[in-house]
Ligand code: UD1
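What follows is a single chain, given as structure tokens, in the form predicted on its own.
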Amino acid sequence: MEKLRVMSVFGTRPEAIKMAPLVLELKKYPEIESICCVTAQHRQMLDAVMEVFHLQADWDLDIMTPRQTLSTITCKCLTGMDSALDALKPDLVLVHGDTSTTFAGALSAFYHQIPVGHVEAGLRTYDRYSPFPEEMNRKMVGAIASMHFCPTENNRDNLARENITEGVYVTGNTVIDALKTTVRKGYRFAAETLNKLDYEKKKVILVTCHRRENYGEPMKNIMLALRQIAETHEEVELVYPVHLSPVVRDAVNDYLADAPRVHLIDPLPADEMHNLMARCAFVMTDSGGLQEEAPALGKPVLVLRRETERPEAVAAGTVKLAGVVREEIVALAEELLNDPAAYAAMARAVNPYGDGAACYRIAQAILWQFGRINLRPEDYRGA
């Protein structure tokens, strides 16, 4: 029997972090030929993750251009994927999450009548413009995919409400698998700035902020809140790996460049980011992935958004929505800084996103779906 040709398609840093352990897991199976196709929607940040996980792309679309738009990303992905799919002829295309690469990769596979598996399926805010364009990307991929790998039962329930019930598996989130390989005791950072921070005596806050829906007034409010926290708390060291987006960099430079105890650094490789997260006091972010990663490391998360497509973390108590209003952000940060009981309640909450075996479950689901094994894998039931 010929091997199953499974092509994993991704193009951004967050996708790569979550797909890398799956690509490597699929390589373990003699029944599967694991193929890696990257769009390089984010060239530099993607390459850094590939290096951390010792991954080589079998096909590289290399689409990134300066100040690219959602339309140019989608068009270049679609046309580039034509050549990749014609040449590699996969039996299944795996896409991840909610990016323009995800949508274009799924659509291109559909045009070629190749089945699509959606990793991290079923997340919803039910607001088509927040997160933008991610909410609609997820919904459109959900309509295309024939296999849906949901991190949680709540995600499966979201799909059921949309009458998507076939080919649905609850697997946990692959990012927890990634953390098992990247976080290490005694880790030394490449940047001496991070090695010199006193993680025991200081309260190091890890910050990220880059989402499109926060551009403009929301981002200004977030930056002013961060500045106020740094100025009024001498025990705080704020570390902000700044996204490469020119819009984000302009906002950061306008409001934080001269703020005390604020360390503005370039984006970090996955292993550096994970180890910094493991040492920090808590995380303030508008990222989706950090809402899953930080709780696995026992770190509270304040989400710098109005809503989240990851309500399981809010329900579990590991995450709080801080919003985009300056005073509300500051108030929640000060609660974690000043109230040990409030901090402990978030830090000790159970992470709902997995046990580090998501990639194994996905591989087993693929083998079962294609008739290579006789037993359907059990769904992840949570902690």
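When you see a residue number, it is the position in the sequence shown, counting from 1. A quick note: this is a predicted structure, and the numbers were derived from the prediction, not measured.
The form predicted together with the named molecule is left out here; the points below concern that form.
Contact check for Arg212: a non-hydrogen atom falls within 4.5 Å of the named molecule in the predicted bound form. Remark: Gly216 does not count among the residues lining the named molecule in the predicted bound form, judged by a heavy atom distance of 4.5 Å or less.
The named molecule is not drawn, but in the predicted bound form it has no heavy atom within 4.5 Å of Glu312. In the predicted bound form, Gln68 approaches the named molecule with a heavy atom inside 4.5 Å. Of the stretches 184-192, 237-245, 87-95, 197-205, only 237-245 has residues with a heavy atom within 4.5 Å of the named molecule in the predicted bound form. For the options Ile222, Ala109, Val170, Ile73, the residue carrying a heavy atom within 4.5 angstroms of the named molecule in the predicted bound form is Ile73.
Think of it this way: in the predicted bound form, the named molecule has a heavy atom of just one of Ala57, Val330, Ala316, Met64 within 4.5 Å, and the residue is Met64. Residues of 1-34 placing a heavy atom within 4.5 Å of the named molecule in the predicted bound form, in sequence order: Thr12, Arg13, Pro14.
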